[in-house]
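Here we start with a single chain on its own, the form predicted alone, put down as C-alpha cells.
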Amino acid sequence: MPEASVYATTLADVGSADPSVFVVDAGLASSMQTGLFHERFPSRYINLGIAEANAVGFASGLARRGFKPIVHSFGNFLARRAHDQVAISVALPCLAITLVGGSCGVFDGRNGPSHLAGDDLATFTALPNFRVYEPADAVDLALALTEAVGSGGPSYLRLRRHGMPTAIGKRDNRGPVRLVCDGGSASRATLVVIGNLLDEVMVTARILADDGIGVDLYHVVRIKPLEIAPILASARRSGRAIVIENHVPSGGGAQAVVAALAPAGLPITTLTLPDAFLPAGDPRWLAAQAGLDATTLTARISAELARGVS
C-alpha cells in the first residue's frame, strides 16, 4: 500500500471516530494527503494556504472552542516559520492540537536544504507540554495519531514523505517502545532506532546476525515522553547501547535516550545525521552519505563493537 493511502486512510478513520477532529492545511493538501478527509468531512476541513503561522493560530482558536485540530505542513515550516505561534498559542496554554510534519530528514532530500527537516524534533522536544511521535509503519501511525489526538494536549507527529510500510514486524503488542529483534543471552549491544529508520536498521540487524553478532533492537515511536525502562534493562544485559536516528545530533530522540541512560554509566553511541546542512539528493543516496544506510550502519556498528568499551 503506498504511503498516500496509508496516511489518508488513517486520518479519515480518526476523523470518523471523533467528530471534533478538524483538519487545517497550510497549502500542502496533496503532499500531506488530506484529500480523503476533505472529501468525507468538508465542513471540518480548511486550507489556509502557505501561511503556517496563521494555520497554527487558527488551530489555537479552534481548540479553545472544543475542536481537536490537526495542522499539516512540512516539518521544517512548522518547526521554523511557526515556532513562536507553536510556543505561545499551543504549548503555553497546553491546547489539544496535533501538528503533523511531513518530509522529515533525508526523506525529503530532493527538495534540498531549505526543506530538509533534520532539526525539527529539537523544536518540539524542547517545548513544555508537547508529546512527540515518529511512526515507522501504518500500525504505528494509527496508534500514534489516535493517542496524540486523544491526549488532551499538544502533540507533534513526524512523518517520512515516501515509502511508509504497512507493517514492520508483528502487528500486536505495539506501544511507545517495542522490542523488534531479540538477540538473546549473547546479545552484544542494544540498538535503539528512533522513528522512520526502522526498516533500514532491521536489515542491519539481520546482516549483523549473519556475521555472528547478536543484538537487541528496540524501536521508539513516542519520543516524548520517553519510555526508557525496557531499553535500560536490555542495555544492562548487553553492556552498551547504540542509538540511530534520522535527525541531527542535538535535540532529537537519540539525545533523549542518551540523557535517560547516562545515570546507568553504560557506553552509549549515537549514529545520526551530521551536524550540517545536507545537499539535495535522492533519499537513499543521502542516507548513504550520512552513514545511515544498512550497509554503512553494519560497518559502523561492527567497528564500534570491535573497539569494545571506550
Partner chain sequence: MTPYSHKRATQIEGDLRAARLRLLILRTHAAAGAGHLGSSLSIVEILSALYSSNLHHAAQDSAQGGDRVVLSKGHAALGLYCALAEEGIIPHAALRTFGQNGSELEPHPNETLLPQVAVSTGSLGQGLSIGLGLAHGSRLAGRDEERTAVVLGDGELNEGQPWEAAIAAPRLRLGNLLAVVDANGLQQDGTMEDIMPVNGLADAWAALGWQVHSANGHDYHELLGLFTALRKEDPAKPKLVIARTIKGCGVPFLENAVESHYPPVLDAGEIDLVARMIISAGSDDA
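Bear in mind the structure is a predicted one, so any value in this text is a computation, not a measurement. Residue numbers count along the first chain shown, from 1.
What follows is about the form predicted together with the partner chain, which we do not show.
Residues within 4.5 angstroms of the partner chain in the predicted bound form, judged by any non-hydrogen atom, belong to 85-93 and to none of the other stretches in 85-93, 110-118, 145-153, 218-226. The partner chain in the predicted bound form is not approached by F41, whose heavy atoms all lie more than 4.5 angstroms from it. The partner chain in the predicted bound form comes within 4.5 Å of no heavy atom belonging to P263. Heavy atoms of G35 never reach within 4.5 Å of the partner chain in the predicted bound form, leaving it off the interface. Residue contact with the partner chain in the predicted bound form: R284 places no heavy atom within 4.5 Å of it. Residue in contact with the partner chain in the predicted bound form (any heavy atom within 4.5 Å), chosen from L278, I268, A29, I46: I46.
Residues are counted as partner-facing when one of their heavy atoms sits within 4.5 Å of the partner chain in the predicted bound form; in 52-77 these are E52, A53, N54, G57, F58, S60, G61, L62, R64, R65, G66, F67, in sequence order.
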